[in-house]
Structures are given as C-alpha cells and as structure tokens.
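Two forms of a single protein chain come next, each set out by itself as structure tokens; they are called structure 1 and structure 2.
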Structure 1
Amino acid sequence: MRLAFILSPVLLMPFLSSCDKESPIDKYTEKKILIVGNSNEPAGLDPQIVTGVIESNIITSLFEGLCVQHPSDSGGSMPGAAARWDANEDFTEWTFHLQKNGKWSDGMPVTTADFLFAYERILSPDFAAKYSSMLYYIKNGEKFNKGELKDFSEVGVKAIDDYTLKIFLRAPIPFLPHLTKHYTWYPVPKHTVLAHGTMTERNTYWTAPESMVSNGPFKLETWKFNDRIEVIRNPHYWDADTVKLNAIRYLPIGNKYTEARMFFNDQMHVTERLAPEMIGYCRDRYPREFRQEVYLGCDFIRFNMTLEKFKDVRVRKALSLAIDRQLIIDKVTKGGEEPAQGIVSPMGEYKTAGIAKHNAELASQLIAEAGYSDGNKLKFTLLTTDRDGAKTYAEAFQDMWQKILPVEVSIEQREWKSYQDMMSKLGYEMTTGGWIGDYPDPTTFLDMWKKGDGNNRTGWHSEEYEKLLGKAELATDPAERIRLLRQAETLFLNEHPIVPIYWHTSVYLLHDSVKNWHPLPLRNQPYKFIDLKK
C-alpha cells in the first residue's frame, strides 16, 4: 500500500532570509500588509456565482453582509451592513436596520435597494446561481428560483425605507444572523452591476479591479493571474476606524512545500494549510506558529448516481466499507482529523448517525452479491484535483479498493476550475470532494443534498429525505428538530450517495506579528479586526 512518505531534508530546512537586518515579513508588517496563502487561483469574485472557500477568503474582505462574525466568539454576530436587528417571537420575521453611513467603495450609499437587487439576482432562474438554495429560507424564495413564481414582489424581502429591510421566512429560523454572514447573502452594487450588463448576465467586468466596488473593509486593487490578488483599505467603509490593515495580499500557491518555505523565509504571515509530511516537523520546530484547530468540515467521495454501475447500493456500500479511515488519517493527511461516521461534523447537541465504518469482510461480501468477481471487475475512474498531495490521497483509496475488492481504479487529475466544472456537470464517475460548513448548524451539511441543489453534484435525491428536513424546519422543540435531522442523515447515509472520509481540522502556520487572529471553527476571521505588530 503506497501510504508511506520520505521527505527530503531540503524541503524541511528553513531557508535563511536575506542578509538585510529587516526581513520581508518585517517590512510587510511595518506597512501593515497581511500576506496570506490562498491555495489556488479563485474561480471568480462575484459573491453570487462562486461556491468555494478559496473565493470566500477574498470576498469576505471585500464585501459585508447584514451581520459580521465576532472575532473570537464562533457563535457571535456583530453589526455589519446592519447596525441592529430584531425578530418576532417565532423567528419568522426579521427587521434589519442598515448603517446610515454605509457606503460602497465609490462613495455611493448602501441601501435596501442593493439588498433587494442582490436577492432577486441570486434567486432569478436565468442567473442559475449554484448557491441560490442558501436563500430558500426566505418565503417564496425557492418558488421564485424554480420559476413557479414570476413576481419577485411576492418573495419575502421588503424595503420599508432606504435603510430598513424586512425579511419574511418560510419557517422559524433563529440562526438567520449567522446565515447573513455568508457571501450569498451579501449585497451587490446595483449601479455597478447594471453599468456592465443586465441583472442576470454572468461574468461581466463589474468584478474587474478597475470597476469593482464593494461595501466591506477593503476594496479590490490588483488581480494578477497566478501571482496575487491584493485588496486595500476602503476609506468609505462605515467602520473604517476599526480597520488596522492597509492591505491584504492573497497568494494562489497550490504547492504546500513552496508555501511553507515562504513562511520559513519570512515572506508570508499565514499559510493556507500544511502538507501532511510537514505537520510533525512544524509542530516540533515552530510550536508558537503552529496551529491545529477544529474546522467545521467533512471530506468525502461522491458517486455519480446517474451511472448504471453505481445504481446498486451494495456496490456503493462496499466501496465505503473497504476504506480504513483511520489509516488514511495516520498515513496520509496526518492532521489529527477524526474518522467521519457521517456527513455532519460534530457540533453542539447533534450526534451523527455513526454509519460510515470500515469492514473489509462485509465489503467483499456485498460486492460479490452485486455480481462482481476477479473475472468481472468493476472499473471506474476517480476524479481529483491537481493540488499538492491530491494524487497521493487518491492513490490511497485506489490501493485499499484494489487490495480488498475486484475493482480496477484509474485516477484523473484536473486543475481546480476544470475539476469544479466536471463535478457541476456530473462529468465524472467518482470524485474526491468535501464541504466546509457555511454556518454552525447541521443543516449546512444536510440541505445541499436536495434535488436540484447546485452543490449536490451526485444526481441523488429522495422525497422522504426532503420531507424529514421540512419537518425539522418547522419543529419548534429543539430536541425534536435534532431527532428529525438525525433521521434524515441516517436515511442519506444508508443510501450511500457519498463516502464520508474524515472530519476536518485546520493545520497551518501563523506568524507572531499577526494579532487578533482567533481560532474559529469556520476559519472565517473578520479581517477588519486583524492587526500586524512586530
């Protein structure tokens, strides 16, 4: 089994910085320019089109929702574009009072018209936003998005005046402030979007550095492909006095060894993630800078359920049972992750169903029952990205499956945008994947598997599953809600449209000069509070 690694000492050896007395990171720190590793080139910066963490890291510095994340309390929400908010007794009606001095980076006021425009845009069927389901909590939002309702005025968002926004929900949602911190709920500048195209026209020049305006603590300054994206302080931001940084520079470095060497060379403040082989070294040699934190996410493998070869649940279950998740963690990822027994990461009172387990004997039995043998092997291709370590990760599954089961597995690597496109179009057989929670509630892992959801990408759906989620949404008793959600997850796991692998941790390096950076399970640090000091 190809799970062992030998790492050259050269890769582990910190390179000496320049002979100058002041290192590059000292200069950046003095200028208050935060240098951040960001893994890959973003697919875009339109908050209503993108779906990934890579894009979110940048967008959350540029834009601001009604509420913002508290810098140290993962459950805390602070005023953002809204100065204050209140709800009715059953949390079905919310009123948000916008900042009277809220402005876009070109000086134009941020008003309720921008929010109404944004919500209509992302829910418009012609716009085809993959994340439109995030706004299905709004009354009639789903019906409008699916074309069952044509008049947006019947959707539950109303402008009482220029600075008072009322949102009517389809069910009690006490965690709505958390939802509004996600970029799908951000406003977009109506005047700028329409200056470069129609409401539903995608990928126009409104997000180019020379034309983008935003309402967050920073504005877009530079985007050099495969080099860097830089955002600079937004002087028109309503809370500009709180912002300490002058700029943030995001570096799309896919190679984790390169990223770590830059950190060792004092060229970077924050790495995106450590390569597995470097975790032990950095833990021992850089104990002050080393971070290993809870990260609300799950890695899994998707099946393309539209293919005949995966229609038999025994095949899917066999492929899941053949995987030794703890061995993957110990020998491949090495980040202290926890074997995933379900899709929902551990949180609060919710306990997952505990169905995904390792059982090689049962796996062999099931695939034999499905008609496969050494003379009739199951053949399929596992899609993965071209990121550093992705092939090794895929090869671990390949080895496990081929040693235990009568299968032949090929591996296909694609660069990030192509990989995302193939998943979206179901142009794969099996694929590695994962999900980072958007908000701290089990539904962030469960709602995406509904029929037609842009993030489902499996071809699987179940009416019974969606009925259970609907009942949970209407439940007023928290314990009953949890019971229904767990029942829905159990149904989902028994169907095996995915293979859960592990629950995430966040393992990275953080320079001593970075202040007010606190562990958050969504790693959604609000950049407005970050500071740099020698």
Structure 2
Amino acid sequence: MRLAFILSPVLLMPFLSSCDKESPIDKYTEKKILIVGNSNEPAGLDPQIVTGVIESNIITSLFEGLCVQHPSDSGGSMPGAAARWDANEDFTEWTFHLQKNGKWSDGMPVTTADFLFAYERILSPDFAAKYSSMLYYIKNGEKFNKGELKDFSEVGVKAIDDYTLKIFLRAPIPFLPHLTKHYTWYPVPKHTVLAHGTMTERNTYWTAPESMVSNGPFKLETWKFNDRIEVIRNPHYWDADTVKLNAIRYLPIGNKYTEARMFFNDQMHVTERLAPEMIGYCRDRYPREFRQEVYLGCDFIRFNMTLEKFKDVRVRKALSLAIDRQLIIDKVTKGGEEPAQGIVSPMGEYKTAGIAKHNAELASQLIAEAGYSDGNKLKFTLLTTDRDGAKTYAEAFQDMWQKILPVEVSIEQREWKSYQDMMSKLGYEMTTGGWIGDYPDPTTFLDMWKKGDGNNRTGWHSEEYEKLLGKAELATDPAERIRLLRQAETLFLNEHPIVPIYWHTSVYLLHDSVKNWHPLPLRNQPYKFIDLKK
C-alpha cells in the first residue's frame, strides 16, 4: 500500500506532461524534416549494387540521374543532371548536355567522366552488378557485361567533352529519358569511389556517412542500422534553391501495424503501405490522409509448364476462368486493386487485350473436355510464401477452384528464400507470384518471358513471341511498336503460362502537411519538389 502511494507521482508524470499540445510530427513539419516509412533496412546505398524499391527511395534523394521525374505528370521528365537532351530521328542516338554548374556534395563538378565511370562499373563483369541488364539497351553493353567484349571504348557511351554525353543504343528506344531516372543509370563520384578502392572492388564502404558523396538534392548524414537513415540538404546541389525540405528521415519499419500505429500517433508523415486489414479502418477514420493510387505491378499465378498435367491449355484456361478476381480484391486484398485482364499494367496509351476474365460455366466445360471429373480429379499443390496475408490469399484460390472445378488443391507454404529457390528451380506445380515494373513501358512486363530469362520461372517460351518482341524493338513508329507489343502480349496470354489476378494499387497514409506530393504509378515522387507546411 505504502509503496503504491510513493510511486504514484512517478506513475502520473507521463499524464501530467500532456500540457504540451503540439504533436511530435508538427515539430518535424516546422523544421521541414520529412519522416518517411521505408519498410526495411536497405541492402545498401550504392546505386550500382542494389536492386530494390526500398533502396531506390533513399538513393533518389541522394543522387540524381540525367533526367528527373516530373512531380505530377507520370510521363514527364525534367532536367536533372542533364540540362537538356535531344535524339536523332530514330531514337538510337541521344545527346545529353550536362548542367554546367552540376556539383557533387563535396564541391567537385559532375562531369561526363563520372557517367562513363559509372556505366563502365555497372557493366564490368568483374563487378558482377545484379542489375546490369538495365543497361543492355546501350550498344554492346550486354556483350561487355558478359565478357565477350573486353574494351569498354566500344560500348555506346561517349564523352564529347566534359559536359556533353552521347549514348548509342542497340535499337530505337524513345523512352530513354524514363530509363535514366532509374538508379542503375545514375552517376557515381569517380574520385570518391577510387579513393576507397578500385572501380570493381566490392565492400569498400565508400557509402558510409563519413565518406559518401552524392550529386542529388540531399546528402547522407546518418546511417544507423535498423534505426534510421537521415539525409540532409546538399548545399552544392545545382538547384538547391528549389529544394524546400531540410532533411528526410527514413525509418525501416517492417511491421505494417507498427507503422500504422506510428502514423496514428503522429510520429511520421508517410507510411510505405497499409496492411489489407487496416485499409477499411483507415479509409473511414483518416479520409484526408488515406491514399489509394495505381501502382505499376501485377500479381499472377505461375504454372510449371514442364509438368504433364498442365500441358493441356484447356486446363490452364479453366483454372484462370474459375477465379472471381473482383471477389478476391473485395474480400482478401481490399486495396481497391483492379482485376487484371492481362499482364501489362495500364500505362499511357497501351491497353492490354482483355483475356483473363471470370466465367465459371465455361471453366467447368473446359475442364470436363480435358477429361477431369469428380471421379477423376486434378490434383496439384499451390506454393506460396509466409508473408502477411499470403496464406489467406492462397486459401481463397484453393476454395474457389475446389468449389467450381473437380480439383484437389493443397497449399504449400515456404519461407521467402525457400520459396524463391523452389520457383527458380521449377520445383513447384503452381505458385503465386508477381512483378513490379521498373519503368513505364510495356516491355518491363513482357521481356521477362523470354526463354532463359531468370525471371521467367515457368518453363514456357515461344519463338513467335520473341520474334514479335524483336520486331517491336526495331520499330521506329511508336504506334506500330505498341501494336506489335500488344500482339505479343495477346499471344502470351492466350497460351496461359500465367493467370493474371490483379493490378496493384499503392495504399498508404500521407500526412496533410506534405505538399507537392502527387500520385505517380511508380511511387517515385521527386523529393526536391516536396514541401512541408502545416
């Protein structure tokens, strides 16, 4: 009893201090520090080593590519490290004129030498960059990366002078400015990287806060593992006057519920995502902050095309038709996604052919034609991961199929790496999967289905398909190109190596003090234009 009496002032203290009415987030808004939820600790900050969206979010604040994303027009490119650019008639030769006052965060000028260095680095076979394929568009880039070509000077990048860069492509690429916004095309400070090791040396840690040098609107200040990454204003940035924010703090919050709670508790400005269970709740309670936007990605189910049981296209088609995509979106994923009729997400003028639909009667008919009935059921396993909601998702499919068709589905759940491993080795029967686009062009969803592409993982390939893609690449007329790509996609969908389910949306919470943040399908809002105002 006495103990409780003595302790009570201590226990009451936290309640008494509520005299301060300003919430924690307002303090940060005043200081113009943007607090961003960034899902997980990044794998690194070296633009030529990393491969993910998490890293991209941070790298796009530190570095700047030739072009910069327009803040509201998803198809627009603004001057970045390059002040202006032009192309020849058939889009195979591009000239970029760099900013004359472009500088690294240590004051050194940004020149074409840095770009050449960066491109050689990422394409060097010794460096073994995982995402070097993003630069295969450059003439001879692929050959150099595979070791077939030893001399980098034969690769299609040339420095005309310190501030003029010429890029020669292997085929007409009208969307090159979009590609340059991707971090694989960013420059790195040649002088800094070489000060810590050779060009192709790994684990040199030049990206540590003490030594990191970057050319973007911000520079690296703090990197506390699993705690936070903080970037502050770069005074040497050529367009520093446009930049409104003073700093950005990235919090690697893996648990989506924790992240939501932190937002409710006024601890951050932007969440990375929302868990499906919280979507309805947030939509009702935080209508101003709730955001649901189109995101460039597609979720689908893969067939292992090397298996006998899936050889009959009627079986695959039946399994696709049996799925009520809208029901899954309404009840399971709940993010207001769009049922995917094809694989390429809606973008620009490209409209996918509407192949994937829901038709239960046709599905039953087809599978009966293929020889399956209640006495002779089709048995298979559906592989899925252990991530949040994956089980509910897979169980919904299992249920739909078993209700409409004579099938017996068992679900196999594997943890992430085992799942990836099984997929790569074709050790599955059917599996859930998906793909996020890297740049706003249909090829980002179509190139992966070529024979031998590591991201294919279905065992399907078609010469006809690859011929169409090859023709599209060489097409100079944009309309013709779109037509050919659509033809390829239609061929692909009609063969059903995958069952498209839905096109992604990005669902998250955005504090209303964040200004100039517009919906973009790649969720790559340029930080230099963002502002914080109460």
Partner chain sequence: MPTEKNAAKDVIKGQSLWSDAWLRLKKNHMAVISMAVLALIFLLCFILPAIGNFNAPEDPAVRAAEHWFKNPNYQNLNNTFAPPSGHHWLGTDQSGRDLFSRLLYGGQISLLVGLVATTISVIVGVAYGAIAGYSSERTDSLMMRIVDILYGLPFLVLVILFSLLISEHMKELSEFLINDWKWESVFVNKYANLIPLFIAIGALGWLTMARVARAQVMNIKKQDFIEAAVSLGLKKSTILTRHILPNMIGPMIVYTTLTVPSFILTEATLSYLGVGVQSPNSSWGILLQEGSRYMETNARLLIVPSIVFSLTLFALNFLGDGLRDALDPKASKD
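Structure 1 provides the reference sequence; residues are numbered from 1 along it. A quick note: this is a predicted structure, and the numbers were derived from the prediction, not measured. Between two forms, the rigid core is the largest collection of C-alphas that superpose within 1.5 Å.
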(message) Just verifying the output here: the form predicted together with its partner chain should be either structure 1 or structure 2. Which one is it?
(response) 2
(request) Pick out which of K451, Y281, T505, H236 lies at the hinge where one rigid part swings against the other between structure 1 and structure 2. (result) T505
(request) Tell me how far the smaller rigid part swings relative to the bigger one between structure 1 and structure 2, in degrees. (result) 23
(message) Give the rigid core superposed Cα shift of K311 between structure 1 and structure 2, in Å, rounded to one decimal.
(response) 11.8
(request) Could you tell me how many Å the Cα atom of D388 shifts between structure 1 and structure 2 when the rigid core is held superposed? (result) 5.2
